[in-house]
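Have a look below at one chain only, the form predicted on its own, in structure tokens format.
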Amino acid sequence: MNETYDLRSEAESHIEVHKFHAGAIVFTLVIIFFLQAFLPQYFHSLAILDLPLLVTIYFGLSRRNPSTGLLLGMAIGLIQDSLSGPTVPFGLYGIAKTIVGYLASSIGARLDTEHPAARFALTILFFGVHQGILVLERRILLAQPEVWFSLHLAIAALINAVVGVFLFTLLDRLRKPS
């Protein structure tokens, strides 16, 4: 009569939570912010990449803990806000990446996200969510006109998804063996 039942399905019980070597996340963030700051200065076409967003998505999907994803997204967003200069209001990226980090962790806890096609699709989805949140923030909070969708955003989503698949494969090497 006092039995407990595991209500999780078979697929949910076999999803592995990945652990990373000590300092791997901090090291990754230092490299990503360095690249995000200096690559567009020398290669203007690379300004389309949002490397901090890709790292937020990766660690959110890998860690599979919504509170960790939320806090990591918040930290990455606020660091990006502080490095963006006076043209970006403080908190703009912080809010957007907090929500994306939470959603990525929540989805990562329910789905197996190791396949490149799943990573590609989820990166496009989260890029769209991120851009939608930024548009809402600019329109509602800052009363600035902002375009909801453009061909430039679609191209940016595709490019970020392709780069994300390769970046995620590279970041998989930072995991601790299970």
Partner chain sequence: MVGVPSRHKSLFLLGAMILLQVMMLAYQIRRDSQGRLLRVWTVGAISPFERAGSYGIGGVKDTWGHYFALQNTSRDNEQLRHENDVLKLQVMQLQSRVSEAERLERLLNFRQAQQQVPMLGARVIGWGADSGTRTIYIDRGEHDGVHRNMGVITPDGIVGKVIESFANTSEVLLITDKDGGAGAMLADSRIQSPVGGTGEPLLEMKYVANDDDVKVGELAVTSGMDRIFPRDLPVGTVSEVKPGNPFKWIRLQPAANLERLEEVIVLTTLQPLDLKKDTVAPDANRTAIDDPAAQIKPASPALPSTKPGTQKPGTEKPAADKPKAPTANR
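Note that the structure is predicted; figures quoted are calculated from it, not measured. Positions refer to the first chain, counted from 1.
The form predicted together with its partner chain is left out here; the points below concern that form.
Undergrad: Looking at the partner-bound form in the model of the complex, is L153 within 4.5 Å of its partner chain by any heavy atom?
TA: Taking the distances in the model of the complex, the answer for L153 is no, it never comes within 4.5 Å of its partner chain.
Undergrad: Might F33 be said to contact its partner chain in the model of the complex, defining contact as any heavy atom within 4.5 Å?
TA: Within the cut-off, so yes.
Undergrad: Even though its partner chain is not shown here, does I95 get within 4.5 Å of it in the model of the complex, heavy atoms only?
TA: Output for I95 is yes: heavy atoms within 4.5 Å of its partner chain.
Undergrad: May I ask you to state whether A37 is within 4.5 Å of its partner chain in the model of the complex, using heavy atom distances?
TA: Answer yes; at least one heavy atom of A37 falls within 4.5 Å of its partner chain in the model of the complex.
Undergrad: Give me the residue from V147, L141, V129, A121 that has a heavy atom within 4.5 Å of its partner chain in the model of the complex.
TA: Of the candidates V147, L141, V129, A121, L141 is the one lying within 4.5 Å of its partner chain in the model of the complex.
Undergrad: Can you tell me which residues in 101-140 come within 4.5 angstroms of its partner chain in the model of the complex, by heavy atoms?
TA: Residues within 4.5 Å: Y102, E137.
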